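There is one chain below, alone, in structure tokens, taken in the form predicted on its own.
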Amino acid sequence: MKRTVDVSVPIGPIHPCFKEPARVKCETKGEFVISAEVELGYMKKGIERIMRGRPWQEVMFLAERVCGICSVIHNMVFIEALEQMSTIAVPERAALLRVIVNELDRMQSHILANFSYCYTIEHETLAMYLLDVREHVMDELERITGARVTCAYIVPGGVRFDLRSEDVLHLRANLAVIEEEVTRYMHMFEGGPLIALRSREIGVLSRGAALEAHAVGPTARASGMPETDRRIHHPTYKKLGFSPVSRTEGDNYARIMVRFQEVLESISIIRKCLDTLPEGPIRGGGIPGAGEIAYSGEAPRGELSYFIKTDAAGRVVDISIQTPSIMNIEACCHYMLKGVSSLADVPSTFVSADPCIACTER
């Protein structure tokens, strides 16, 4: 039977609500979305090809530049893969400092994602509030690592800089401010009638559909899949008693709420790190050698995997990166957007999956 399509509507690649260029092509019947496809290819960097043949010291910096919004986890996964491959030990103090910086980076990424969503549904007041509180997180990243975006903080065997006593006091004070503000904005999101109208029961991704699409990160955890959080397998997070956040609604509302809840969970994790931070060295030494490994970590958007092969001199012979957004974009287009009753909800549903095009196209 021939399908009736009223019109094909392209959204993007340049759209005021998209952080990065992507085109979502929707087939509609009236306002009802019958199907959707995403068209990528607007910011290909070829960074994996650039990495091959280079020493790990250069690749470490290139890994951060796969994506500026989640640069710390790219740095962390690459370095921890080298450490696993070459059996390089990391002092306990350095392991906790890595978690602190990684969770700060997750916080700023989640807050930016929620800003984008609120802006997309035209709740500009809440969007600007969130962008303002994100600056507190960025200030702490800069204070600890010396940079706001590409921090280059994690190195084989440890971290570059220690946490001074005055930094701890400043971080604790700022965490209290961030927690109060984020809690306030989360309650605004929970109770806002406009937000409920534009978010609840829209872009629904069931647990079954999330499994079929191999969704990861907050997108999967909003559909009742807490087991997708790779932090539950990380030894340092295990010691801290980490427990993943999840919800079951699977709609736009749930995805944003999971990110709000994960920001508060990150604050709790950082406080545990500060409370248990032992004295000791921040560098254990060790030089990566020849080997081959596949290693994964939990990026703000979900599971991030690196396959790395190095030679005896520490040069990267081969490397392949699997980023989380490609699965979430597919889940969005094939499940979340299908059946959306209004074209106005297409950008907001797409943004609710927090797609990172820089990671995806790299």
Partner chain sequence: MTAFMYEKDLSAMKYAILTSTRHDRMIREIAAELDIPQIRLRKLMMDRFDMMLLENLPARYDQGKNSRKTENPVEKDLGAGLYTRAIPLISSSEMGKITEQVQTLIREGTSEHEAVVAGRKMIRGVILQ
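These figures come from a predicted structure and were not determined experimentally. Positions refer to the first chain, counted from 1.
Keep in mind that the form predicted together with the partner chain is missing from the display, and what follows is about it.
For the options Ala81, Ala213, Ile178, Leu141, the one in contact with the partner chain in the model of the complex, meaning a heavy atom within 4.5 Å, is Ala213.
For the options Gly53, Gly41, Gly68, Gly30, the one in contact with the partner chain in the model of the complex, meaning a heavy atom within 4.5 Å, is Gly41. At a distance threshold of 4.5 angstroms between non-hydrogen atoms, Lys19 is out of contact with the partner chain in the model of the complex.
At the 4.5 Å threshold, heavy atoms of Arg23 reach the partner chain in the model of the complex. Taking the partner from elsewhere, Ile326 is found to have a heavy atom lying within 4.5 Å of the partner chain in the model of the complex. Taking the partner from elsewhere, Phe307 is found to have a heavy atom lying within 4.5 Å of the partner chain in the model of the complex. Heavy atoms of no residue among Gln57, Tyr237 and Gln261 are located within 4.5 Å of the partner chain in the model of the complex. Of the candidate stretches 87-95, 275-283, 213-221, 240-248, only 213-221 has residues whose heavy atoms lie within 4.5 Å of the partner chain in the model of the complex.
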